[in-house]
Structure formats: C-alpha cells, structure tokens
Ligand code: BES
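Okay, here we've got a single chain as structure tokens, the form predicted on its own, with questions on binding and movement later.
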Amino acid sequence: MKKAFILAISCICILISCTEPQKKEVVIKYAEEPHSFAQPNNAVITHLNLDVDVNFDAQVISGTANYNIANNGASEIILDAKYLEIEEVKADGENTPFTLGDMDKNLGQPLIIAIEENTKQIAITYKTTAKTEALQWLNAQQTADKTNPFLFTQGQAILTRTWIPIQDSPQIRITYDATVKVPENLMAVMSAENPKEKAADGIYHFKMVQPIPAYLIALAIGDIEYKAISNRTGVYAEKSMLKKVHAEFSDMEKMVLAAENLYGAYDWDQFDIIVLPPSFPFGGMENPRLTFATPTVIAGDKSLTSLVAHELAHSWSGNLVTNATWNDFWLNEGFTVYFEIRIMEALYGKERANMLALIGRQDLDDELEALKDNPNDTKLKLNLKGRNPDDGMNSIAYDKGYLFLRTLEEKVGREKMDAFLKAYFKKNAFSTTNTEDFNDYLHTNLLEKNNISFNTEEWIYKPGVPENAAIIQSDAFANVEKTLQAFIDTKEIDATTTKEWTPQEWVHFVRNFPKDITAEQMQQLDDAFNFTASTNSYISMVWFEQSILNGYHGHEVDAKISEFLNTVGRRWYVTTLFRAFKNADRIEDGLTIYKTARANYHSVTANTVDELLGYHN
C-alpha cells in the first residue's frame, strides 16, 4: 500500500514537472546586506568604466558610470546613490526609466533602473553635489605646498555611493577602468595602475584588473610627484614633502618581502603610498595599489611606520579576502592588526612588536570602558542594521580581533597558525567571507584537524574579553613604568634613563600618568622633555589629552592644542582631544576651537565630532 502510494505521487510529480513551465533557477550567492539597497542576486554589476570631469572651480565631479551587469532575468537593477544628481540612464545604449527612492540618512537612496532580462550594460550620467560626503575639496592654503588645490576621496564604509552611483556593498567585487579629466597642472591617481608623471593635457587613464569592492575605489588629485623605492614600491607626495616621505617609507620593499614570507605572494603588482594633506581622516586607507596616508606619520625616524605595515597587511586581509558585510568588519581589521604586528616583529624585533601590541591592548581596555553601557557593541560579530557602519569601526574590531588571533596562536602554536592563515588567504583570494564561514573553516582546518579545543564562540559572539586572553608583556614598558613611578615618588626625573626611548615608550609614559597628577608635576615634565613642542604627532596627541584632563593650562599649551586641532584632521587624534574637553567639563573651550577647525575636517571626522559635542552646523 505504502509503495503504491509513493509510486502514484511520483508519477503525479513527473507529470506536473513536464506540463508546468520551467522557472529559471535562482542561485543565491550574496548575503542579506543591511547597508545597501542593491539586490545582487537578481542583477549585479561586474565591471565599471568611469568617464568623469573634475571641476575644481565648481567643486563638482560629473560624467558617466558605465557598467557591465550580470542579469538573472530581472526587470530592474538597483544601485546605491546619495547626494547625487542623476541626469540620464541608458540600458544597452537606449534611454530607460529610473527612479530614486526615499532618502535614508545613512544609506542614501536606491537608484532603481528598468532593464530587460537580457540587458548587458547600463550607463548613468550624473554629477556630485555640495553634500557629497566622500569628497574633500581643499584650497591651496590647506595643502603642504600652498600653491594648488587638492581633492581626495574616502569610500569606506559606505561613502563611494556619494561620488559614484554604485552597488556599494563589500561583497560585490568589480573590476574597473576610468578616464579622469583634471586641470593640466595637477596629477590624478587612483586605486589602480597609476601614472608616474603628469599628463600634459590633464587626462588620465586608469585600469584595475583585480576585482575589488566599491569602498576601495579611490581618487586623489593634486600637485604631486612620484619617487620610486623599488620596482614595485614608491611614494607620491607634494613637492615639499616628497624627500621626507621617501626617507620615512624607505623600508616599504622590505615590508612587502616580510609579508610575502609569512602569508604568500603579493597579488596587487604595485604597492605605492600617497601622503595626503593633513585633513585626511584616517591614519591610512588600504586602497589597493595606492594606500592613502596621513602626514601625521612622518616623524623623521620611521617610528610610526607600523601604519605602513598595517595598510600593506590589508592587501591580504581586507582587500584579497573581504568582509561580506560591515557586521563582519573584524575579519578585515583584527586579521590586519595581527599581520601588521607580525611584519613589525620580522623587521624590527619582538620587543617593538610587543610594545605595539600592548598599546593596542590599552586602547581596547579604554574602548571596553567607553562601551560599558552598550555591551553588544563589544562583540566581534556585530548587528549594525539601522546604524551607520562607522559605529563598528573602533578598537573592538581592531584590538579584540587581534587579541583573539594572538590567543589562538599561543594555543595552537605559531607554525600551525601560519600554515592555517596562508591557506585561508589562498582559498578565499579575491572573494568575501563572513564570520560564520570563517568559524567553520577555523574548526575544520585548524582546531579539529589538530584535536584542539578553543572558545571561539565566546570570543566572537559574547561581549567583552574572555579570561583566556593572551597576556602581552613588554620589558621596555615595565622600565617606563618604573621611571614614572620614581618621578611620582620623588618628584624628580632622571633624564638619562629616557635617552634612548622610542616614541612608543614616550606614549606609554604619558598615557599612564596617575589620575591625581598635578598641573605642577606636568609643568615639571614639560620643562624636562618639552612635550608641548613635540614634533611627533602621536606623542603630541597623548600629551595634549593629559593636559586637558589634568588642568595643565597656560598660553603656550592652549595655543598648541588649538593649532593641533586646526591643522590635523585625523579622526582618532581629533576625537580623542575633543572627548577630553568634554570629560574635563570644558566643552565650551572645545566648541570654541571646533568652530574654527571644522571646515578643515573631512565629513567622516566632522560627523563624529558633531555628535560627540552636540554641535549643529
């Protein structure tokens, strides 16, 4: 009876399958994306041909974004756009209807374009507006040479949609080429194959043959020059900065070799760095082939070049293997900090690497304290739906992610860890991954393979830092702490003990002042070491923070703090000092400075400080 019933049902199913029209199978490839309107499982972009004109007088980029698309039988394709004027859209060369949906304060608008199921290309003619957030237009006075204007873009996390209409999700990778027209006395460079000299006609052509996510499409335009370090490394900078930048970053080729020795071949052909004007909001941005960097790392002694190692490491973790969504951001940054510190250890020794790691651990403790009322934000795997993904770009992703991997390394052994990571990068090259897939891969290819037990779920999905976290120690920092304690106890400082200190040791010294340090003691230290006039931006930042928090006033230090905040746009440094003003109940002093400094900041920095200080422009 049961067999007969099954046979009958089978026949009915066969009959239905023969008579029903066959539907095209939809292959689900892309994850649900909380920070993009795109529906790439229906229709997705695969290649961009960008043709734009850059008008410095009007501060507008205008032109056409031409896309090849893969169409899964859809009647529309959806792109992301924010603060753009869309003038015309074509599908396979013919005008096609389009609409811009409702504006979301974080995401912008969906650009919905009508297509046919066999449409192969779309072309969008558009221009940027004064509200475009990715672009910073700088006048000549805001540059190093003070002779010509400058423009740079910042796409991470979801700002590329503000200067190019695009499917702005990290899991959507495309190749691109571009034609960019600029004033004849300026040079344009992108995250692509780049010129080494200025074009006489101001027209530049670019090609990126490796597929990258939208946030890594980058453009900079200025009166810049190039100087090679090796046949695959070099630097761009304004003329007055070029010699200093070249000397500071002269170890770039050594860093590339050290990275390759750890985790395999560098797959991007060229590794160059451009040092931007000081308003650039980050220490560095890992745009492939052309890292963008802040001038605050030019210290004259290579002491802050761990930033170069960090951005280079992104060539594997982030650029080669990318987080699928911004909820998985720690996969980009935690891995990169781990890799960065391994590069620094290979080149400069374990003690310097441990100093960097210990500073990161202190940053993590500060972040945990700041987020104590929001414990879910201290998880590695985040839920940022309905929020700006920048909310997840903090020490949790970077330093908790690093600590997880360092703890894992100590558990399994460095040899096994290195073999695992090298295989992980190779397997996932030029693709995206998420936390769950990584966790599965980790268990299968490292933990179970070696019969090792590890609390990965606690590290990834629980708040805070697990009790089995690696203990990071530094003999150099232990000596720094003894020197500081001796000063607190005796009110005297022996300058001979500090003669050979690195900037990292000075930072550790200043950051660990006791909470009850007096203004008189800070004056004594300033007289001994001239902190207020330091030319190292990192030391300056931590010293000014302590000055604000501990009531160390005076015309000289107050003037230097104001000068620093009016000339440096690096978000980490700026927010640290404005937060100190707030915590010291000196918010009005902070606002007075901010009102003059804000115009010099990129929107990424200004938006953060606006919220911090409750400022309304």
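Numbers follow the displayed sequence, beginning with 1. Fair warning: this is a prediction, and the values are worked out from it, not measured in the lab.
Although not depicted, the form predicted in complex with the named molecule is the subject of the following passage.
Answer yes if any heavy atom of I115 is within 4.5 Å of a heavy atom of the named molecule in the predicted complex; otherwise answer no. Flag for I115 set to no.
In the predicted complex, H314 touching the named molecule (heavy atom, 4.5 Å): Within the cut-off, so yes.
Residue-level question: is F282 within 4.5 Å of the named molecule in the predicted complex, judged on heavy atoms? Yes, F282 is a contact residue.
Report yes if any heavy atom of Q156 sits within 4.5 Å of a heavy atom of the named molecule in the predicted complex; otherwise report no. So Q156 counts as contacting the named molecule.
Each of E85, I166 and Y176 within 4.5 Å of the named molecule in the predicted complex, by any heavy atom, yes or no? Zero of three within 4.5 Å in the predicted complex.
One residue of F329, W459, F152, W543 in contact with the named molecule, assessed in the predicted complex (non-hydrogen atom, 4.5 angstroms): Of the candidates F329, W459, F152, W543, F329 is the one lying within 4.5 Å of the named molecule in the predicted complex.
Listed residue that, although the named molecule is not shown, lies within 4.5 Å of it in the predicted complex (heavy atoms), from D223, D377, D390, E133: Only one option qualifies, and that one is D390.
Among 449 to 457, 390 to 398, 196 to 204, 140 to 148, which stretch has residues whose heavy atoms lie within 4.5 Å of the named molecule in the predicted complex? Of the options, only 390 to 398 has residues within 4.5 Å of the partner.
Using a 4.5 Å cut-off on heavy atoms, which residues of 297 to 311 contact the named molecule in the predicted complex? In sequence order, L307, H310, E311 come within 4.5 Å of the partner.
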